[in-house]
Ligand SMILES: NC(=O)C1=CN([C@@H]2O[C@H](COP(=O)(O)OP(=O)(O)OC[C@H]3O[C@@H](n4cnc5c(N)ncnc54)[C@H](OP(=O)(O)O)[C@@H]3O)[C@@H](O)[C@H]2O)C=CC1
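The chain below stands alone and is given as C-alpha cells, in the form predicted on its own.
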C-alpha cells in the first residue's frame, strides 16, 4: 500500500489557489488516491455572479474529476469552500470560518499566486508576498498543523545561471517592500520598479523570490518546504494525458501557432525548454507534504521540479515536435486563420517585424467593420505580441538547477509510492507528450470535435495558400513602389526581365532544334 496515500487519509487539508490549474490537479489527485481524507478547505472568491457552491460544482463537473467520482462518490461533501479575498487583511475570512481553519487544519498547500509577468509591483507583492506572510501567521496558530508546503517557481532566481536548492537573499528585505508600498503612490512605484527588480525580467520572478524569503523568516517552528517547478504544462499521465484548462505558458503559444497568429518567435534553438507536466509537480508536492510531516527536517528544504537535468529538450527539438503534431492535429475552431507556416529555423531563430503580424489582423478588422461586426483581431494580436515579448527572456536562455533534495526524496519512497506518485521525468517521451499536449489543447481548452480533423486539414491548406498569396501580393506592391522611386531598382528589374526573356527564347529555340 502507498504510505503517502495512507498518510493523507483522515486529514483536513487547506489549499490556496484551488481554482487554478495546478490547484485543481492537486485536489483531483488527493481525492483519487486518498478518498478517505476528511476534508479539503479551499479559499474561494465569488466570481462573475457565481456563488461559492456554484464554483465548486463547476470544478467537479469538469472532465478532470470523472475518475474521482468513481472512487469517491461523495466528493462534493468533502470540499469546504470558504469565502476569502487575498487582497484583504486576514483574507476577509469570517470569524467562524477562521476558527474552523485554525482548529482543524493538518496540511497547507499554498498554491495561490499571480502568474502575470506584466503585473504591477503593488499587486504582485500583495498576492505573492503579503498573502504568503498572512497565511504563515494563520499557520502559526494551528495546533494540529503538520506541514506547510509553499509553491514557488524555478525562475525565482533566474538572474543566476546555476541555482541551488537554497533560499537566496534579496537586496531589499520583504518587510521593507511591504511597508513602503502602503504609502507610496502608483506613479512612484512604477518608477522605482525597474531598480527594485534589478536583473530579473519581471515582477513575477522578483516577488516569488521575496515570497521565499518571507517563508524562511516567518517559519518559526513549523515544518515547511518549498517547491520550485519550472514551466508547468499539460498533464503527462494522470488522470489522463494532455489535460489543460488555461492559456498560460506553452498552451497560449500552441494555440497562437496552430491558428496562424504566431508565425515566428525569437528563441535560441539549443536553449533548454524546461517544461514540466502539472501531474509531475503535483506528485512531488504530495510526496514532499508526506516527507515534511513525517520526517520533520530540521530546516526548510527546497525541491526543484524541473526536466532539464534529467531529460532535456531544447526549443529547436520542441519546435520540430510541435510542427510535426500540427500536421496531424490542426487547431481549427476559434478563428479561421492561416495555418502557422514556419520551419524550425524561423520558429526558433527569427523574429519578424511586428507589422507582418499586425497587417492581416488590421485587414481582418476592416472586413469585420464593413460587415457590421466588432473588430477584435488587432487587440488579440497586440496581446499575443506582448506575451511573446515577455517570453523571450525564458526561451533564449538555459539554467542549471541542482536536484539533490528531489533525488533524495525519490530514494526515500517505496516502489509503490514511486509508481503512484511518480515524479521521475526521465521516463517522459517528449514526442508523445507534445502530441498529447496539442490534442489536449484541442479537446479540453478549445472544445473542438476530433472527428473534424481531416476536414480541418483541407481547410487549413486553403488558408495557408491564401497567406502565401497575400505575402506575394504585398511583395509585388512594395517592389512596384520601389521601382517607381529608384533608378537602380528599375535597372535591376529590367535586367531580370531581359534575362528571363532571353532564357525562355533560348529554351524555345533548343526545343525546336531537337524536334
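Residue numbers count along the first chain shown, from 1. Since we're looking at a predicted model, the values are computed, not measured.
Omitted here: the form predicted together with the named molecule. The next part is about that form.
This chain is displayed alone, yet in the predicted bound form one of 423, 290, 433, 204 has a heavy atom within 4.5 Å of the named molecule; that residue is 204.
Of the candidates 381, 214, 139, 151, 151 is the one whose heavy atoms come within 4.5 Å of the named molecule in the predicted bound form; the others do not. Figure note: of the listed segments 440-448, 140-148, 108-116, 187-195, the one touching the named molecule in the predicted bound form, with heavy atoms no more than 4.5 Å away, is 108-116. No residue of the trio 244, 306 and 410 has any heavy atom within 4.5 Å of the named molecule in the predicted bound form. Using a 4.5 angstroms threshold between heavy atoms, residue 104 stays clear of the named molecule in the predicted bound form.
In the predicted bound form, the named molecule sits within 4.5 Å of a heavy atom of residue 47. Using a 4.5 Å cutoff between non-hydrogen atoms, residue 231 counts as a contact of the named molecule in the predicted bound form. The shortest heavy atom separation between residue 403 and the named molecule in the predicted bound form exceeds 4.5 Å.
Along 3-23, residues 17, 18, 19, 20, 21, 22, 23 each place a heavy atom within 4.5 Å of the named molecule in the predicted bound form.
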